[in-house]
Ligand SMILES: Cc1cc2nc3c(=O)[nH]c(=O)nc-3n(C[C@H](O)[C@H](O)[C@H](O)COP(=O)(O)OP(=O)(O)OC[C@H]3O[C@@H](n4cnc5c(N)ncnc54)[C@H](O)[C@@H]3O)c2cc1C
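Below, in structure tokens: the form predicted alone, a single chain.
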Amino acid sequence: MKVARIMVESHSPKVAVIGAGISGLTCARFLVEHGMQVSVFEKSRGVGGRMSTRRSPQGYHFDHGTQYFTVREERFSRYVDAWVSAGLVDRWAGRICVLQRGEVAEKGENPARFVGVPGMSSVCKHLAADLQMKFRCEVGSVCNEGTSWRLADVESTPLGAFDTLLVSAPAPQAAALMEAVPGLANRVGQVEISPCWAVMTVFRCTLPLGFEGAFVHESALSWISRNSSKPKRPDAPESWVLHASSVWSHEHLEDSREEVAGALLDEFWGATGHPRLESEHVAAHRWRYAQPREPLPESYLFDQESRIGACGDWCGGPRVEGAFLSGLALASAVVDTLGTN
């Protein structure tokens, strides 16, 4: 049996996936389940991308990127139901409202909102289980050798040769890695992605604001949330995540973290109308690539002849659901093209 397994693996397609966000991991998981040898390369130290959880030296946890996700399509709904049953996801039932110049208003549409538990990265950790992962590895170059793609890191260290190359990085980074196929690279390069500054803060007492999350209008902020109100998070001390608007983030992209934290905390007190309190902890994080301004209408891109493709939330839809379905669609296209043993 062991000999047979080795023979099958030696003849199964070898696939490289760049990026360990939800689209890349969904794609990789589907391909492994269809008998392919998949290697995932991720430049950071963990999975999730913006669906990650930030941990401070003091032990505070923050969902500093993706705040929650919603469900619109039946295909995604089935997976979410399974994640809920497995204890990976729970519904966030907190009150979500709109803030404008200190006034609180109800939000017209309030779909069911879901979060990973105990942190937003739980789904991605689940998808990554048993995958062949290489962390802290930034792919610097890719070379098409006709029947294979050869990868190297930014220090020119070889990473191997693969039958198929799939990129799930943000569009500007994906375009640079796909230059060997100009048609695809140009298509990907058309997507602009806005940045987002995030501030994480902790207070010694509970703020009596009457809501757990709010979309903020006419402010440098676009969103604020009581992170500690989410399921399976410690409810004390009280933690908040503040997201700046894309316009403000772009204008202050190169500001220091200290400057950003101070400015957005000022906006927080102004937007909520609450008297200023001292923070027990404050940190800022810059998401250089956060929100696609206008996603491509295609759910994925794939060139069958050269066997290179791309997926992400900038394909089909700028949400967690869109990213997941994009990865799934790309994997299906690869299976249809390469087949399985």
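All values reported here derive from a predicted model rather than from experimental measurement. For every residue, the number given is its place in the sequence shown, counted from 1.
The same protein also has a form predicted together with the named molecule, omitted here; what follows describes it.
Among heavy atoms of L330, none comes within 4.5 Å of the named molecule in the model of the complex. Residue contact check for H64: one or more of its heavy atoms lie within 4.5 Å of the named molecule in the model of the complex. Taking non-hydrogen atoms only, R29 never approaches the named molecule to within 4.5 angstroms in the model of the complex. For the chain shown alone, L177 is a contact residue for the named molecule in the model of the complex, at least one non-hydrogen atom being within 4.5 angstroms. Screening 268-276, 54-62, 301-309, 288-296 for residues having heavy atoms within 4.5 Å of the named molecule in the model of the complex returns a single hit, 288-296.
With respect to the named molecule in the model of the complex, the three residues G24, F69 and V139 uniformly fall within 4.5 angstroms at the level of their nearest heavy atom. Contact with the named molecule in the model of the complex, judged by any heavy atom within 4.5 Å, is made by just one of T164, Q173, T201, S122: Q173. Scanning L88, C196, M133, A261 against the named molecule in the model of the complex with a 4.5 Å heavy atom cut-off leaves one residue, C196. Along 94-109, no residue reaches a heavy atom to within 4.5 Å of the named molecule in the model of the complex.
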